[in-house]
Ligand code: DC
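Next comes just one chain, in structure tokens: the form predicted on its own.
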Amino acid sequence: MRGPQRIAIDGPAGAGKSTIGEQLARKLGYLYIDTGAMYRALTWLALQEQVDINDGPALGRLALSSEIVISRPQVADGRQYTVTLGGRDITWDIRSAPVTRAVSPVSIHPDVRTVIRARQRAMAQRGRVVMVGRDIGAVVLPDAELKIYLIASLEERARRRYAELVAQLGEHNPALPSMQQVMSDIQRRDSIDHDNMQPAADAIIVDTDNLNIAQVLEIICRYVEDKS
């Protein structure tokens, strides 16, 4: 039977959106779109071009002139997707610490969100997509057939993020932040992103605190089946 053509997965940083979204898309054979990667790509470009991250109109113009493309993984190096900007592969560049620090201030500007949201909607028009972000169900795709909103406690989200950084950087890497620094950064991002991460009125709330990835995926797959 025909399943939901557009699945929106939202939630705060560290709630598990990216991992769950990518695995769900793979299971269904859908295109996985991490909308945060689009904001990260723009942030990376702004830092490269030395555009003031507090200048909304300038960032909006930069977004309008940029060619950001998200596609299925094109290199077998552990990536969930490939991000190109003007044809250049920047998939890993957008995960740098400077981009992580600047992406929330960049993404709050209305000029930026207007451009990026329009592109996200255009990408979703093809159907068979799993799109994750902060405001997908409520704003970007309010008519998505299935909307999921993942939540988790601050402590659990910080623990997950810290574990990711240890795996990425190594436990004894001097660049590895402390758990408290990770928690503070998540709190800062929550505060900045607050107005843009409210769940849609018809979203299904899934608390991931005491669930592993497989369990969360199983819950969401049941809702997918219900929509089929």
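Being a predicted model, the structure only gives us computed values, none of them experimental. For every residue, the number given is its place in the sequence shown, counted from 1.
This next part talks about the form predicted in complex with the named molecule, which is not shown.
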Answer range among 63 to 71, 174 to 182, 32 to 40, 49 to 57 for contact with the named molecule, defined in the predicted complex as heavy atoms within 4.5 Å:
32 to 40
Going by a heavy atom distance of 4.5 Å, is R119 a contact of the named molecule in the predicted complex?
no
Test of understanding: in the predicted complex, would R113 fall inside 4.5 Å of the named molecule by heavy atoms?
yes
Please check if L141 has a heavy atom lying within 4.5 Å of any heavy atom of the named molecule in the predicted complex.
no
Using heavy atoms and a 4.5 Å limit, would one call K147 a contact residue for the named molecule in the predicted complex?
no
Looking in the predicted complex, is the named molecule within 4.5 Å of a heavy atom from each of R26, T82 and D93?
no
Residues of stretch 99 to 126 in contact with the named molecule in the predicted complex (4.5 Å, non-hydrogen atom):
V103, S104, S107, R113
